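One chain comes next, on its own, written as structure tokens: the form predicted on its own.
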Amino acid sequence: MKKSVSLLLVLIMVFAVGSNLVLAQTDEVTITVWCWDPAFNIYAMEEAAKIYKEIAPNVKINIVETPWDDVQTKLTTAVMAGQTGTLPDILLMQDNALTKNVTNFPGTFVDLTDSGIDFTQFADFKVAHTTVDGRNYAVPFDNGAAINALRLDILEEAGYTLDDFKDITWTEYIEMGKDILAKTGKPLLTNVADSPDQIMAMLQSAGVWMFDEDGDVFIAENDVLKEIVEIYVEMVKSGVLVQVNDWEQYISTINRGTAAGTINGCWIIGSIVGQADQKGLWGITNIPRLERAANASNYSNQGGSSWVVLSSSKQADVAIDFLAHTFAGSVELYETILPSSGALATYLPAGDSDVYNEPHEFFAGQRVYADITDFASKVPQISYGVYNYEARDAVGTAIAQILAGADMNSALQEAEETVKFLMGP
């Protein structure tokens, strides 16, 4: 009799535990995500949510549209006030701000190094942007690999083809640019005045940045930067590059065909394909390389963001599993979002997808997405450092001074001193 009662109690306990397990599996779990841009990042997250719904039907992904500036402000305010409970489970962070945030707010973000996510499946340069002190703090997302996009009809008018711009140096680029300007009246390139974006892309192409390996400011004695400044000044003075007042004017030079091309992150394709009357008139290749820099390459990156998980999340394990099965594990996701948003992956397996290898009618049948994925795998690694924004602004100011007639060495020295001051003792 006692054995029967004991057996009954065991069965009741097993049933109770089993019920709890079923309850745990069926209770709805909400993962809140902050990100921006409905047509790009938010769309990608919505599609990721659909994929994960098939894996974990009880998990709801709550996406809150939050502009990047607001993300940074809210993050800083919450951490400084000790109110991290107001933060989401996942947020999208610009790559060039990640090191600063992880360093300034220790313990705020989940260390994903031992999470089971295979970071070797992403482009090396992107993983470097999401790594601090040898630890992985984000799941890489969009591809900002730099491209040299050119109007094929304008090149043809001047007697050139897209192949003439493949694997070239900046000297060759400038010489062809001068000839094209003389024959067509159109510059090869435009850039927003005082913006260092072009300078930054050229720096990374040589695996060099504005800080050295020890994190010290590296501007005044940076010979690679000086070579780049010389090239930039020559392009402006020769008319090969025309500076415009703002981003809207910059996009206009592309859409109206007043410039023969653009060099930028591959996300610029979204602005290019908006002009239906230019279908078939564009092509892309890699960017020019420096000549004196020891590690010069024809590859670089411009922009990009990645997904971080907040340590304050009460369901961080679920958030990590969600990212592991989608942005870090689903070729299907990247196949889905590519045609509609142009969101290229730095997830290397996606590059083998048929979708990534399809000819693009806007680019004269060129397999541009496969080419860009290949470019991304060759981008030199750099570390942006904690004071990246401050250094960018200082170098941008120096470029403006140099173009106005200031001595290059003096302007760069002033830029370095400015950054050192902002960094403090």
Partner chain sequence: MERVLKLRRRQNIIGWGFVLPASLMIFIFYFYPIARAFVLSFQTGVGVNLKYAGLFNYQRLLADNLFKKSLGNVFIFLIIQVPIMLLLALVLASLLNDKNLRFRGFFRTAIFLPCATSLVSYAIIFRSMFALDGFVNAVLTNLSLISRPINWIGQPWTARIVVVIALTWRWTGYNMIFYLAGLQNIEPSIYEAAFIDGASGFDQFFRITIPMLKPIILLTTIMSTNGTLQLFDETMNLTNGGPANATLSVSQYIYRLSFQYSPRFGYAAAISFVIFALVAVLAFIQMRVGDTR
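Positions refer to the first chain, counted from 1. As the structure is a prediction and not an experimental result, all values here were calculated from the model.
There is another form of the same protein, the form predicted in complex with the partner chain; it is not shown, and what comes next is about it.
J.: Mind telling me which stretch in 71 to 79, 313 to 321, 86 to 94, 276 to 284 gets its heavy atoms within 4.5 Å of the partner chain in the model of the complex?
T.: In short, 71 to 79.
J.: Just to confirm, Asp223 within 4.5 Å of the partner chain in the model of the complex by heavy atoms?
T.: Heavy-atom contact with the partner chain at 4.5 Å: absent for Asp223.
J.: Using heavy atoms and a 4.5 Å limit, would one call Phe105 a contact residue for the partner chain in the model of the complex?
T.: Although the partner chain is absent here, Phe105 would touch it in the model of the complex, with heavy atoms inside 4.5 Å.
J.: Just checking whether Ala400 would be counted as a contact of the partner chain in the model of the complex - the rule being heavy atoms within 4.5 angstroms.
T.: Ala400: yes, in contact with the partner chain in the model of the complex.
J.: Is Glu390 close to the partner chain in the model of the complex, meaning a heavy atom pair under 4.5 Å apart or at it?
T.: Yes.
J.: Using a 4.5 Å cut on heavy atoms, which of Arg135, Lys100, His325, Lys183 is close to the partner chain in the model of the complex?
T.: Checking each option against the partner chain in the model of the complex, the one that comes within 4.5 Å is Lys100.
J.: Can you pick the one in Arg292, Lys237, Arg256, Lys166 that has a heavy atom within 4.5 Å of the partner chain in the model of the complex?
T.: Going through each option in turn, the one that passes is Arg256.
J.: Do any residues of 401 to 425 have a non-hydrogen atom within 4.5 angstroms of the partner chain in the model of the complex? If so, which ones, in sequence order?
T.: Heavy-atom contacts to the partner chain in the model of the complex: Gln401, Thr418, Phe421, Leu422, Met423, Gly424, Pro425.
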